[in-house]
Ligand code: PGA
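Quick setup: one chain, the form predicted alone, written in structure tokens, and binding and motion questions come after.
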Amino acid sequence: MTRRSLVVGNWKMDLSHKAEVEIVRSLKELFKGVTLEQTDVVVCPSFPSLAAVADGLKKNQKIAVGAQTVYWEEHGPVTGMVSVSQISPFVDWCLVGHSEQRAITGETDEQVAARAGLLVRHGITPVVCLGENAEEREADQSVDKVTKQMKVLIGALTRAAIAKIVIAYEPIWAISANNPGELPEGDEVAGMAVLIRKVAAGRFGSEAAEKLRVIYGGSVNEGNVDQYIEEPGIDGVLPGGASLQPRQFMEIVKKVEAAA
């Protein structure tokens, strides 16, 4: 079964509004000469820039726009949060469950699942982030942690919905902001992709599980992306800092396309 590859650039809050608009201009120019047949490309700017980035890319067929998170309820008196109806005019994709959101807001697995289900109902593809922290890894609890996160997620989704989500395996200890001393090997990430699909198969069957796209996030850059995308079962990557550099981001995309 052929799954489309995927590269999702997470801009976090590293850039000013002006800088995000300038990156869009650079990406549009750089990607003019890039042929993409098997790869979806997404950039996730900050909320204040969503409209401007979406407008800048509205005629671009190669780069889509995503949000960095969304609240799990459709509307209400929730100060400081953003609803699905507020992002839906601008995005086709949305990150949910990113480790930074989990850490800052105390976001639970159940809330992540609620976000994912809400996005699917609104026709937006959720990229659901999951993974273990350094302490859990040291305690040999990585498999247990990812299994639990997956079971909560798929327990809240229908068979139809599972075909419309993406899983981003993002070990917290490997994220560049955490100053990682090491990164997972490609075969380690591939093993996690197998686990993720195995858990999905337990509820929805092997055919549905094989359709599930799994990507890797954690200090991905042009120099190390090959070790992940060359492994079977890894469908792409979720770069953070590297996505702020238009040329490096383009090179990552080209490598993912070539490996597809």
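Here the structure is a predicted model, which means the values were calculated and not measured. The first residue of the shown sequence is 1; numbering continues from there.
A second form of this protein, the form predicted in complex with the ligand, is not displayed here; the remarks below concern that form.
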Would all three of 10, 98 and 220 be in contact with the ligand in the predicted complex, where contact means some heavy atom lies within 4.5 Å? yes
Look at the stretches 190 to 198, 62 to 70, 231 to 239, 33 to 41 and give the one with heavy atoms within 4.5 Å of the ligand in the predicted complex. 231 to 239
Taking heavy atoms and a 4.5 Å cut-off, does residue 176 contact the ligand in the predicted complex? yes
I'd like to check something about residue 170: if you look in the predicted complex, is any of its heavy atoms closer than or equal to 4.5 Å to a heavy atom of the ligand? yes
Work out whether the Cα atoms of residue 71 and residue 177 come closer together or move farther apart in the predicted complex than they are in this form, the change being 3 angstroms or more. farther
In the predicted complex the CA atoms of residue 178 and residue 111, compared with here and shifted by at least 3 Å, lie farther
